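The chain below stands alone and is given as structure tokens, in the form predicted on its own.
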């Protein structure tokens, strides 16, 4: 094809029918003093970067570094949340069990690597978007995006390409067609009206997308295969289930499991319990707490003064113990604690009604009732 010649142009483009012809031409034209050598292809051509003499792309290194950074970031966040800020034992495993962190670590690594590959390629390496690139105005671009392969001598430094010399070299390399792109006029600055219109269009698009999403969700709240979490198939606590052999939906706790925040009581005899020491200080606050708890749980049977004078009727049948007798007054705190934990005669265990510090507070108050039976002058403040 013939083109109007000019002394200088932005680029001279040669079109080739086969990638092999492009590779041979690029290798021979590499390092040409006529201008920057660039290739345009409809799909990736192997070894084209070597033929053009391009340096190895830094994209792989960028992706590797950001992938490692993403993995370390995800692992550190999970470790801090699970092992430091809010440690929870799940399935009997340590909060520091790193195996549970692997899926999220992998996903965030892929996220960081993918974003780096896409954004780094577009904005850092290819310097896109470039809506004013001169190649977009060429007639060759229509053929390049289909099945032709282009090799171009482009202007470097704004000086332009010697059209005659460039056309001669490209035709000698076997180009089927040649096109000359003139030096483009400087891209004008975007007018204010254009920028305002573009901003208004973006705002309108966001509002329309949000409004449309709202009404789609409102009119079609559930679309297969999506379903709301509150309506997902689940097994409620205490409900029967045909899935398990025993027919119960709630599974029994594993043997040896301990409720979080509760230490198991392993003492079997009062003699072993006698070695326990009351850990609470004998303060006014402790005494008041013990007095309130004694009134709630103990007074109904053991009486106001702990003398065994119950407030129940004769229908009760049992004979509550007098807690002021000498044997109990001389008994260690651990012995009384053991009776609260496992029960004594007709008295049931109060292990589930009273917390550990509440049991010791009741014992402190009981000691005050016992001492009141045999008070000394030195006890008067």
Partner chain sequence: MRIAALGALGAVGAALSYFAAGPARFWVNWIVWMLFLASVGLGALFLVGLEHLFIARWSVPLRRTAERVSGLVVPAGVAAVAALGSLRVLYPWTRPEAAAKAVLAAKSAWLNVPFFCARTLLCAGIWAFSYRFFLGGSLSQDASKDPAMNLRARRFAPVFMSLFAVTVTITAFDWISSLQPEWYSDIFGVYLFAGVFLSGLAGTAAAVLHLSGRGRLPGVRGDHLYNLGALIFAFTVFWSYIAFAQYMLIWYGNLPEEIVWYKSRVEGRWLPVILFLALLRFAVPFAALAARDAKKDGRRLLWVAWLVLFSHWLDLYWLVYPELGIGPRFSWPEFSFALMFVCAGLAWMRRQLTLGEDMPTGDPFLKEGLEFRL
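Residue numbers count along the first chain shown, from 1. Computed from a prediction, not measured in an experiment: that's the story for all the values here.
From this point on, the text means the form predicted together with the partner chain, which you will not see here.
K.L.:
If contact means any heavy atom within 4.5 Å, which of 250 to 258, 306 to 314, 160 to 168, 100 to 108 contacts the partner chain in the predicted complex?
P.N.:
Partner-contacting stretch among the options: 100 to 108.
K.L.:
Would you please decide whether residue 326 lies within 4.5 angstroms of the partner chain in the predicted complex, comparing each non-hydrogen atom pair?
P.N.:
Residue 326: no, not in contact with the partner chain in the predicted complex.
K.L.:
Just checking whether residue 263 would be counted as a contact of the partner chain in the predicted complex - the rule being heavy atoms within 4.5 angstroms.
P.N.:
No - in the predicted complex, heavy atoms of residue 263 and the partner chain never come within 4.5 Å of each other.
K.L.:
Check residue 56 for me: does it contact the partner chain in the predicted complex (non-hydrogen atoms, 4.5 angstroms)?
P.N.:
Close contact exists here: in the predicted complex, residue 56 approaches the partner chain to within 4.5 Å, heavy atoms only.
K.L.:
With a cut-off of 4.5 Å between heavy atoms, is residue 275 one of the residues that contacts the partner chain in the predicted complex?
P.N.:
Residue 275 lies outside the contact set for the partner chain.
K.L.:
Identify, from the list 245, 268, 282, 93, the residue with a heavy atom within 4.5 Å of the partner chain in the predicted complex.
P.N.:
Contact residue from the list: 93.
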